[in-house]
Each structure stands twice: as C-alpha cells, then as structure tokens.
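Coming up, as structure tokens: structure 1 and structure 2, two forms of one and the same protein chain.
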Structure 1
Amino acid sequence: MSTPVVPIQRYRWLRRARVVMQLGCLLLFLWLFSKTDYDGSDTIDYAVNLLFRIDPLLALCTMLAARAFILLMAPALVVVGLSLLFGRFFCGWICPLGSLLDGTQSLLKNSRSGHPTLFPSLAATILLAVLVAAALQLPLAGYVDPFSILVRALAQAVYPALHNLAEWFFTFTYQQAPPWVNALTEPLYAFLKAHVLPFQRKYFDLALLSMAVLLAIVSAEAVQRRFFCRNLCPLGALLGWFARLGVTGVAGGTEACGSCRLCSRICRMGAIDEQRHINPNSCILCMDCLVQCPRQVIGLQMQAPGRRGAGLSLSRRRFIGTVLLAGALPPVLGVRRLTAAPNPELIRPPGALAEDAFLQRCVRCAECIQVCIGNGLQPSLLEGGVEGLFAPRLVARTGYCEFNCTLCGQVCPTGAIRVLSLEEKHRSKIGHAWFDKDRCLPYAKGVPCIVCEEHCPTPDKAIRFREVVVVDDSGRDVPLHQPYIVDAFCIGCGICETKCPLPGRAAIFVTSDGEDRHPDRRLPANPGGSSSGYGGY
C-alpha cells in the first residue's frame, strides 16, 4: 500500500500539536498531583487518580488478580480504543514520564537516539511476567508501571523535599534579609503555601528508595534516549501490542532512499532500523521522521486491523521460560511463615479490603499515602512480604489516622480501599492499642500522665482510668490514674502512640489485632459471669 503524500506543513503542525499536548498533559498531571494533598476539606473535588484509572496495564493486571471487572478502571478502555486507532500515541503525546524524559534531553544529551534498542525483548518479557503473575493473583504491576514509579517518587521524596527547601529559604530571608526583601518574599511564600507547597511537612520511610528508582530511569537517558520506554516499560509494550493490532501507523522508506538513513538516526524510540522498516510496537508518533524526511516518503498510513500480526515479539524459549518463572512465584510465596502468621504490625488504612484482596488491587500509587492528614500511612518495605512492597501501612509512632478523615478511600483508583462515610469510618476498627506497663509512666514510675486519654478521639473514650494508690520511690502514697483500654471502643487509629510523650518507643502501641477486615483476628471476649478465663481455662 503506497503512502499518501501529505504536505510537510501538516506534519509540522502535528509535531507542534504533540509538543503542546505533552506540555499540557504534564501540567495537568502536576496540577492533579498537587490537588491530592490535603487542603482542609474531607472531600476531594477532582479526579486526582485519573492517570491510574486510564492505565491499561494496571487495569488489566488488577482485574486479572482480583478476578473481577473493576468499574473504577473502566476509563482505561478509552486508551485501548485510541491505541487501536492511533497506535502507541499515548507514550509520545500524553505520558507524563515520557514528557519528563524528553525534557531532560537538553541536560543529558546522547548520540544514541537512533541506535538499536539495547534490550529489545525485555519490556515484552516484563509485561508477560506481570500478566502471568496477576493471573495467579500475585500483583507485581505497581512495581514497574511508569505512573506508579513517578507518583511514588514525587509524593514521598520530591514534594516533601520541595516543602523543606521552601521552608528553609523563606525562614532564612525572614530572619536574615532586610525588610524590603521580606516585602517580596513573604507574599511569594503565602502564594506557594496556598497553591503549590504541601499542606504540612511529612516524612516517609522509603523516600530515598522511591527517588533512587526515578533517578535511575532519568539517568538512563544518558545511555540511550527513552531508555526506560524502549527497554523496560511494560505499559509501553502493552500499548505497542495494541498498536500492532490497530489501523494507523507510520510507513515509508524504500530502497529508493539510497544511502539516506536520517529517519533511523533521529528516531528517539529506535523504531526504524537500518533498512528503514518501521516497528509499530515502538513508534510513538512523535512526527520527527515525517517532518525531517528529505524525500517526504514517510507518512501516516491506514491498514487493515491485525495485518501486522498479533505476537508479543518473544521467542518461544523466552516465552515459556518467563511463564514458568512467573508461575513459580505464587506457590513459593505461599509457604512462607508470613502466610500462616501475619505480621501484627501491618496495619492497613480504614476501608482496606481483606489482605489478599487488598494486595491484588493495590497498585502502589501512593495516592493514599500522600493524602493522609496525620502522616500515619507509610510505604511498606517487607513487613507484608515482597508482594506488599510500597503498599500503605499505618506507622503510628510517626503519625495517626485522623478520626474525621475519609480521604484515602476517595483517592484509591482501584477500590483496594473502600470509600467510607464518616459514620462508617468512626466504626471502622483497623487495629488495637496496648500498653507497655514497663514503660508507661503511671505504671512503671508512679508518675501521673494522661496524654493518651486526652487525645483519644472516640466519643466514648477508649482509654479510661482506674484510680489507684501506689508507693513512689520515696515511700510516699501517691494517688494515680492508671490507664486501660476499653476493647469495644478502640479503633486502632494510633493517635495515642503518636502523642505518647516518652522518647523513643512509646508506652502504648497499636497492632492489627482485632481489625474488622479479618473476623478470625477478633480479640478474645470477656467471659463475663463465668469463673473460667479465655477458652474455658
């Protein structure tokens, strides 16, 4: 099929439109990201999780793992349909990580734009592995999805670091600069606080790891342009597969071109080989080759669906090996001690599904971690096993679950955390508080302290006191209030542990015992009038 001749001016306009679209989508993404932060309201007014809901890779893997159609992720079908029409345009026109990588080219120039992709089968291999694992209910897509990687780094490292930098700078100018400087900087600081900076300073356990992953992807641009997109991105491989099935692509380049290889040299995705064959799996419709082709033989072309084949471009040996390796993971993970005895320090957000279903849906997007008012949600390392890496958990010594907040469920793009009404949230029990009487001041030292009871948010206080008289170190009788937990009212929010005035380890701590998600973890009931104890003993 011959390529229709289109005036080059039209391609130039298309390339300008692509650049404008990239910039606009990047700005929209950053604006939605900033709106994920708490702003004083318990309602999120914008679709801040839109990027994750239009991601076909996350949608497919999550639905495979959950074995259910997830309506929240139905918008991903729009991207699938557009990819069938326009090929892998999403990577070149919309993807914020791709736009970020393109933007770094002025800093990390390299001469390998048109060189063959270093690992041409790796992205498809990763895609196959995450799909097989998802089908066996082992969620891995969130570790390698470009949006999850980008948002995790921004939420846990870049955004908090920007807040710290701004605080340091404006504190310095306020304390050290002359009044005329403050007349300029203070309004600027007020504007940034209102529209750009986070609501408050936050701290995250895996900030360095999340940032290191993003920096590695950006730094790889020095090795090869769009290194991550070409060699590693499973979302790109999936969209490339849709592009191969689709009806639109770039075609052209013949023997008549002679020794000209300009299209091959300038292609940022390495989609054009030395023989000027254009790979639809890799072409992102950047329009560079169409604009710069000296003979104007390259152009957009319509083809019958599926004419270019439907394979994943993997050898049979690699395909079988990947399936076997990914398929072996779930049985091995199933025999760990963690499976039989869950970690009691693993406290999930209120509204989280039962642990297995939660992990199957969680895409490690960090949206709930970013929006958490109390800075209580932290990314997990290995507390929930390797399949729980980066999933949210409450670390009550760092922060707590705000009693009147339901934001984490509102921003979750997959329903791993259910949206709760305020009444449901007040009744939701995510864990239980326990006293360490060897550290609690009224018990261990005979020193009065009521901090935990003062901060307990439940209307019927879950922390109460028994009035006792103890003998202090001087031999005097001291009347004291010794705290205890009322099991029926404690919801495990963790504010008692956060506010405990002891340095280091708190005298009251929260575990996942008694959480609503798992009825088998309910706390032992008081035997009441029975003279026997728990279990009849």
Structure 2
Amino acid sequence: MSTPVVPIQRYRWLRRARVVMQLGCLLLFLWLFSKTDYDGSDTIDYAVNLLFRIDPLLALCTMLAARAFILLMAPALVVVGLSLLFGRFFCGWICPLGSLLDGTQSLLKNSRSGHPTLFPSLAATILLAVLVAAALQLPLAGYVDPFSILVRALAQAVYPALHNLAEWFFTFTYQQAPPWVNALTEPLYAFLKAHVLPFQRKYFDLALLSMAVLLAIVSAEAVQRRFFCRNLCPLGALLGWFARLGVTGVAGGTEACGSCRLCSRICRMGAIDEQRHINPNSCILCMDCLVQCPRQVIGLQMQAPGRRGAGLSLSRRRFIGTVLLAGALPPVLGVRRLTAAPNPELIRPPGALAEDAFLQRCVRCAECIQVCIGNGLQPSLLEGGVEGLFAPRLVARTGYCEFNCTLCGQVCPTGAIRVLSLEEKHRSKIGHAWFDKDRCLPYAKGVPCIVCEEHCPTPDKAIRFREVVVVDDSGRDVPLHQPYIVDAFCIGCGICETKCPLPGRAAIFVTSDGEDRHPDRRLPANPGGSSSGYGGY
C-alpha cells in the first residue's frame, strides 16, 4: 500500500526521541509534584497542577458537569489540537502513567504479548459512562483518569512512605552506626530532606486504597502490556477518538507484506490486527514497529481527516445500555439521607464552592491534599457520599488549616477550591468549634489548660476564657480559666482540635456547621455579640 516516507534510521532516531521525551516528561512531572509544597513564599510560582489542566477528559467532564467554560483547563485544548495532528501520541510520548508502565516491562514479563486486547470496547464504555454521568452533573472522571489515580497514589501513599522509610533508615544509622558511617549518611539525609523528601511526615486516610488502585494497574502489566491503557483508560479512548479524526498516523502492513506478523506481536497496544491493519484508535506512535519491520513497509502517513473508518467502537446495544445505566445513577443518589441532612463532619477546604458545585468540579487529583502544609486535608471515604470518594476534607484531630496559608486554592486545577486572598482566607469560615465539656479539663476536671486559646490564630481570639472558681474532685476551690467560643470570630480552622492535649478524642472539635458557603447553615446570631472583627491584619 505504501513505502516508507522516511528511511529507517530516522525512525530509530524518532523512537529514541520518544524514550527521551517519556523520561523527560516523567521527571518534569515528578519535579512539579515535589514542588506542590510551601517553598518560603505564600504563592506557588510554578504551574504544579499542569498535568490536570492539559487533560481533555477531565476538562470535558468538569465543564459538562459544571455547565461552564473553565478557563483554568483551557490548556487541554492544546492536547486536543495536537492529537488531531499526531494521533494518540500523548499516551506514548507524554503520559507519566504510561511511561511508568513501560518502565515496569523488564520487571513484569507477561506471556500474552501478541494477544489481542482483552476487553477492546471497555475503555470506550467507561468513557461514555463518565461523559453521560458528567452531563447529568455527576462527575466520575476523577476515579478513572490516569493522572488522578497516579497523583493520588503518589501524594497519599508513595511519597509519605518514602519519607517514612528514609526517616526510619537514617534514624537507625544516626542512633546505631559508627561516626564514619554517619559522616556519609547525614549529609545524604540532609540533601534528601532539602531536595527530594517531603518536609514533614504526613499521615493519610486511604493511603492503602490509593496505593492499591495504582498497584493493580501496574500489576496488570503482568497480564498484558499497557493493560490499563488499552483496556480501561477513558482518556486514552478519548484521545483515540481524536486520533481517528486526525491527519497523521502509522500505516504500512498489508496482507501482502509477508507473514511474519512481527509488528502485531510486538505492539504494546495491540493496535495491529491479523491483517496488519494499524488501528489509529489504539496506536500511540511508540515507533517500535516502524523500526523493527523486516521489510520496512510501515511508515508515518498523512491522510485526509475522516478516512480512517469506523466511529466509536461500541455496539448500539452497549451504547444504549451504558447511557441508561449511567443515567440511572444520579436519581438514585438523590434519594439518600445525605442529600437532606449534610454530614456535619464534612469540612471542605477554605474557598471550596458550595457542595454540589464543588463535587462537580473536583477531579480527585489530590493536589490540595498534597500541598496542605498542616496535614489537615484528607481524602474522604464515604463521608460525602460515594461520589465524594477521595475528595478533600479537613480532619482536624491530626491536622489543621494554617491561618495564613492559601495554597490549596492555588493548586486546584479546576476552581473547585477558589483562589483566596489572605484577607478573604482570614474571613473564610469553613466550620465551627465546639467544646465537649464532659472532657474539657477546666470544665470536667477542674484542671487548668486552655491550650486551644493559646493556639487560636484569629487576631481577636475566637476562643476566650472566663475566670472562675470551681470545686475540683478533691473538694478544693480552684481558680480556673474556662474557655468559650466567640461565634463571630471562629473560622473552623481546627488548630484547637489538633492541639488539644487530651489523649484520644479532643475536648474541642470542629464541624462544618456555620460554614459560609451554605448561607442556610449559618449559626444563630448572638444578639449581644459583635459581628465584625479581624483588626487590620
């Protein structure tokens, strides 16, 4: 059908370029990930969330669900444009998850090379399902998007575990090893702490679940090369769809070219069938077949748009079934008790949109959770419903929202958490603190404490105390400070709950009651209290 447009040496060069590009993008991605942190400045200078902003699947689903054009995600159009020109190159050249999977090849050998893709229409089905759900304002893309899966696992499991491991090892050498060993290990630890490891040890709910999802994807490489990419990835399916509309692709093999079928055996995507037809839906332009074809009949080709045959590879029956199934979800979710009575333990980050709009935009990328310097944000399990899985929430017993920090809004790639100025942040009420007077020492035991008052960060303190004399459990009169909360000043940051020195459950705790993103959940006004505050700071 065709002869190579360029000689094989150039394909070799192209393939090398692809590997270099993969490595470069993976490193760039990891560097951006490590920069998703406070760095001595109140603003983050790099587009650390870039990966999520060039992702057409997340952009499409989020905009569909939010019914708005989200400017932050406009860079996704670049990837769409490039895919129309160069097909599904993104998967083969850029995608960090794809590169990671390629990197595991030498570790996870599989016996199924050359076998056709196991579930050829599954990825497209998933794509259709998330699109339909998004159109019905139920965004599920974050659960299946490769970047969300990857960053979640990195942020909530791999990176903190790396820190854990390093700390364990260097504590061992520090305490047990002779000085000459420490002369080597201590500078190394200092370097790692300064440049590679997270600044502080962090703890995450769902560390195992986040890791398990990524591990499952990596392990599936033992079944089939790029198992996730060809069987499951809805982003890949979407890019494949653009590729079909596009103008360049790989072509060459025909029935007449010979019978070696080397190309279809080595293809990591199963893109080449028995007839040596190369499917643009699946081909990720890795260049392997171009270089290895013994007759050198495979080459890059330009083609008029739309000349690549069939549309979405779903049967009509499956299409209708998927649409119906995805469409049935939102009405069912709407009848849960959670809809009528929002969970008071669900405290969203400052600047989060109203709950529905927030969930419609949140892509579960874990960027906010990664950047949260107080280790306050945790991925939710079912606190916000199944559709809130992995979305961020403040769990104040182990971490709090730092008063002068606005980083979570800055790294959110979709605007689910708005960027707040420091003044807005200081006034942004995400919840409210309450005392458990059966546990609080000055109330329950007649013991002085007020650690909560000490840490309360609002310039006009939201936690104050009354000077009282109480009778303690041995019958003595004890002069004491008993703390109370000034509703107008409490912003729900949760530092009081974090720092409460009681073991176990804190005697002061925050709930989302009174949060200002839902006016109907405002606390009753105190007729005598002042409603303004916050000095000049």
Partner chain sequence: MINRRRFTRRLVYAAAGMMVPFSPVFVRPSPAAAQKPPELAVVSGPDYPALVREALRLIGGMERFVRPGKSVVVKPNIAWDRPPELAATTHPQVVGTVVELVLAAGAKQVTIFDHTCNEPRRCYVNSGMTELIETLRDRRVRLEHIDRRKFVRTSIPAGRSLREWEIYQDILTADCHINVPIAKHHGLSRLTLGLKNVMGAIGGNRGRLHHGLAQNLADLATVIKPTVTLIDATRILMDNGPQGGRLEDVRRTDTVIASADPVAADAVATTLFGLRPEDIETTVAAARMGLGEMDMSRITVREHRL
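We call the rigid core whatever largest set of C-alpha positions still superposes within 1.5 Å between the two forms. Residue numbering: sequential along structure 1, first residue numbered 1. Everything numeric in this text was worked out from a predicted model, so none of it was measured.
By the stated condition, namely the form predicted in complex with its partner chain, the second structure is the one that fits. Core-aligned CA deviation for P503 between the two structures: less than 2 Å. With a cut-off of 2 Å and the rigid core superposed, Y38 has a Cα displacement that reaches or exceeds the cut-off between the two structures.
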